[in-house]
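Just one chain is shown here, as structure tokens, and it is the form predicted alone.
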Amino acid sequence: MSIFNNPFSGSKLFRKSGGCSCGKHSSQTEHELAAAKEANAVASAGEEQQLRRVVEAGLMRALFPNDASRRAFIQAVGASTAAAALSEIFPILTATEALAAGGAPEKKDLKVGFIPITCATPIIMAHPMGFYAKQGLNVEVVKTAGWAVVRDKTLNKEYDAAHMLSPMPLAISLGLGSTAVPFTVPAIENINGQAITLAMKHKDKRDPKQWKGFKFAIPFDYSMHNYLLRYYLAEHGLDPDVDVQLRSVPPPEMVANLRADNIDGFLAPDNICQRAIFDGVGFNHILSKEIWDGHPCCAFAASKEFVTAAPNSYGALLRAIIEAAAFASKAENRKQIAEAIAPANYLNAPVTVLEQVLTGTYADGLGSVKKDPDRVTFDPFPWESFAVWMLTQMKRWGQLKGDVDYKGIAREVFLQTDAVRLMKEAGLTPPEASTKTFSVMGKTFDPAKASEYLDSFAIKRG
């Protein structure tokens, strides 16, 4: 008996001659069709109904270890009477709720690495604002110098999980830049929230065609920043590997490099961009949402080993982060969050800089104050189509060789099942689909046509 089958079914145990394995149907084909129909009915009834079936089935197995005796009992008293009797002697609803909530964390003391940028807002704010403690966890959020360090410390298990650039778990899983280790993205940290910032000396060079010879900083090779900047440059006729220089620079060091004239600009997280404006050394050329409105940036990432070895700890950690993302998604909470994440052990930034980023009312560095409440948003749903787009850009720029199973890789790394359940618990509304089309600089991306999309670009490697 499958754990999701109806334990109160009174169908016969033994096969009739020419019949099925349960003896109820005239053929095995009819049996399989009926089983599929029941499974679909349970699935459509929702996760709570599935979990209730698990509890009921387990209890019936305990009371009637012999399948024939179970069937005889149900046929004698009827399915509804059997279910009612079971409810009288065992708190099925309570057990179902307990199963849904998961067990106690296997490990309560956890370390989560992060880079001090507003992209990590849910991961960071969950510490001072009590979201981890609410889940019974003692989480140490560890400020880290750069993305390679975050990756290596997570791979070495110094961190249980981490704030990562959303392409990083794909790269790690594929063995790009590191040993191949299966990683997961169960939640996106932030949507939008980046900008191209240029040095003040370039305020009269707003046409990218004037940028030949420029030196740009990006946070990491496997980053949305790298892919978005390359996309933007290529759409304006510049080859990012020929016409400009791209340098990997940790975000906390970018403003100092801009001030020292080591770089001409960067595509970076908004708090870095806004700090350059606050310090009078740069201006915002364009927000990343003007390149692709709704793009992902950073993610909560964990190895598959952690997910499977400590599922309750993982579930509690993910629940805390998704609840923090739900809180951060509301505009009225943004100033409170800015104060919570400003201290030195988190972002070490002026509150006014963080408020400008999180509220979307900000100085652009050219004398204007702009308003865009969606400059950064927080939607944790890990769309598979996000992963497919990232893989096309890895392939486009020569990071990924050979044939690519876009859909298969995306599904393995970007995990949606847990996100859907926990988003509902947090009062968010997850989408029903796992993929979607979107537009990047006016060009439609269909995840079902990834190869055709890649072939359409004039500027690419290979």
Partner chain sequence: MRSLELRSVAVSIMLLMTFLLAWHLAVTGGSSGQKMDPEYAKLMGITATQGKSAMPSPVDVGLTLWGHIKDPFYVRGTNDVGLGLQLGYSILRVAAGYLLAMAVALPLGFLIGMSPLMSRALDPFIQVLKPISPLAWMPLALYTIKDSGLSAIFVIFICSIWPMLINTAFGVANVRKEWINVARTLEVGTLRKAFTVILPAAAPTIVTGMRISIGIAWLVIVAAEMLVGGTGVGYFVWNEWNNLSITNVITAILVIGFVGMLLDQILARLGHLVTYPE
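Predicted model only: the values in this text are computed from it and were never measured. Positions refer to the first chain, counted from 1.
Another form exists, predicted together with its partner chain; not displayed. Remarks below refer to it.
Here the marked residues His236, Ala448 and Glu452 all miss its partner chain in the predicted complex; none has a heavy atom within 4.5 angstroms. Although the partner is absent here, Val242 sits far enough away that none of its heavy atoms falls within 4.5 Å of its partner chain in the predicted complex.
Heavy atoms of Gly367 reach within 4.5 Å of its partner chain in the predicted complex, making it an interface residue.
Proximity of Asn345 to its partner chain in the predicted complex falls within the 4.5 Å heavy atom cutoff. Among residues of the shown chain, Arg230 is not one whose heavy atoms approach its partner chain to within 4.5 Å in the predicted complex. Out of the listed residues Asn226, Thr144, Asn190, Ser303, Thr144 is the one that sits within 4.5 Å of its partner chain in the predicted complex by at least one heavy atom.
The listed set Ala133, Ala256, Ala309, Ala104 contains one residue whose heavy atoms approach its partner chain in the predicted complex to within 4.5 Å, identified as Ala256.
Partner contact region in the predicted complex: 277 to 285, out of 323 to 331, 277 to 285, 261 to 269, 294 to 302, criterion any non-hydrogen atom within 4.5 Å of its partner chain. Of the residues in 346 to 367, those that come within 4.5 Å of its partner chain in the predicted complex through at least one heavy atom are, in sequence order, Asn348, Ala349, Pro350, Thr352, Gln356, Thr361, Tyr362, Ala363, Asp364, Gly365, Leu366, Gly367.
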